[in-house]
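The chain that follows stands alone, in the form predicted alone, written as structure tokens.
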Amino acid sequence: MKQLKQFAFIALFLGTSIFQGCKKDDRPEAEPELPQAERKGIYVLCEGLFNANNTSLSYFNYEDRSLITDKFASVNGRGLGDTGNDMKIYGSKMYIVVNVSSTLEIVNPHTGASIKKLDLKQNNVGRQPRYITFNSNKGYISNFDGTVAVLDTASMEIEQYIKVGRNPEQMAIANGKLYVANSGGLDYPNYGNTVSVIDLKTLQETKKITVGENPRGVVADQYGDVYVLSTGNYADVKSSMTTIDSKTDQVKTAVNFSGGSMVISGDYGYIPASGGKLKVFNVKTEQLEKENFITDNTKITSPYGLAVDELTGEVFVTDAKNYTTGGEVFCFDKEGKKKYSITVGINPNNVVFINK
């Protein structure tokens, strides 16, 4: 579920990003110039409306430029459920986290067919899963009940639950450890301010690191740093970014920063910002490199999700528009110029890439 995004997303990006430091060493509007790499197409997860049970999965086929606005329903004869929150491909399977329904849908990405659906509940009470990440044939799913589920990707069974902090959100893996943002996001105004560190060998929480208030976004770079994006309390406590050295688990920097998510590709982190901009942060130099990645004046109303195609360098930005009707997905080339856009379902939040 993205309840918090439904009422707080606009406020989240009203500030101005501040970075300091130094560092380590429907159908396209026009016929797009499609990638020559081995991509078959993209899936777009559209979370729908909270408690409306209308999550959808759009599929855009690069080969014939066809668009199916709800691939999952057309293939399986049923919907995904209520409030799809995260989606990733690992190995030969695609994993879709459905928050309000408290399910994990495991899908064949080439056909859209469901392989298995797991209920993430305790005593028939939903755990409210949020995000999923993977390492060494294990999946890790954060749940708003204060746990991280450990999934065996071969057996497709949950092996155990690890207790962390309140209302965990995004996670990142670095140096054999899983970093989990404990947002406390359902306890307004008593938000959390820690990141749990889980040893992936023992599957035990080893410590909690203090960060900014209401941490939600967590991402790791190739140099061993973990970035934690905290949204504050939307009043007197401002949003911030904390950088953790994963080798020592010590906080390196903590600066004011307006944003709730960052996607890193190579040395560059892409951050949605106010005014529909997409800031570019260089994780190697730890400097803000561009105020806006978009160079052709393309207007994005409500940036909601980001993805970067590592094969082509294309940057995909999802636009939730007014959060109640159909959204749009924009594809930009490496120079920040729009290539095409497609119209999809309500509140698109994730894009994944399908190989041939």
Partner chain sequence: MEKRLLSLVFTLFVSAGLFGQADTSNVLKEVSVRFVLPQNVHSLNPAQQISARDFKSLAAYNVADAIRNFSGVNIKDYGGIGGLKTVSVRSLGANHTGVQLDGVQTSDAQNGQIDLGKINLDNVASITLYNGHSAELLQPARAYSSASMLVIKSLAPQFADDKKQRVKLGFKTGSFGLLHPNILWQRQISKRSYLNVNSSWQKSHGRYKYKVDGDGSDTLATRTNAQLSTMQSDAAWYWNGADSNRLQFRINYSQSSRGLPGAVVYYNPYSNQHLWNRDLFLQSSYQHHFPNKLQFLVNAKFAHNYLRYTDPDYLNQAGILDQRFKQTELYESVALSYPISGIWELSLASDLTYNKLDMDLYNYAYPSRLTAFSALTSKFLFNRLSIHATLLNTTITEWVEKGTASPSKSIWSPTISATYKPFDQTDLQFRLFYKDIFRNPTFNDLYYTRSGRRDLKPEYAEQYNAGLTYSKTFNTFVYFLSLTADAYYNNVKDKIIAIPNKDLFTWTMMNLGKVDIRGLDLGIKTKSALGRQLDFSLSGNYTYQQAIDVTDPKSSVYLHQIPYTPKHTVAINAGISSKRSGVYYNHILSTSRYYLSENLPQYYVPGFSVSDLSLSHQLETKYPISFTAEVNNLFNQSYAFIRSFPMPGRSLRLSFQITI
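As the structure is a computational prediction, the values presented were derived from the model and not from experiment. Residue numbers count along the first chain shown, from 1.
This protein has a second form, the form predicted in complex with its partner chain, left out of what is shown; the following refers to that one.
Residue 53 is the only one of 298, 292, 287, 53 with a heavy atom lying within 4.5 Å of its partner chain in the predicted complex. Taking the partner from the other structure, its partner chain in the predicted complex has no heavy atom within 4.5 Å of any heavy atom of residue 252. By the criterion of a heavy atom within 4.5 Å, residue 60 is excluded from the residues contacting its partner chain in the predicted complex.
The shortest heavy atom separation between residue 241 and its partner chain in the predicted complex exceeds 4.5 Å. Remark: residue 227 does not count among the residues lining its partner chain in the predicted complex, judged by a heavy atom distance of 4.5 Å or less. Residues placing heavy atoms within 4.5 Å of its partner chain in the predicted complex fall in a single listed stretch, namely 115-123, out of 115-123, 217-225, 87-95, 151-159.
The partner is not shown here, but in the predicted complex the stretch 296-312 reaches within 4.5 angstroms of its partner chain through a heavy atom at 304 alone.
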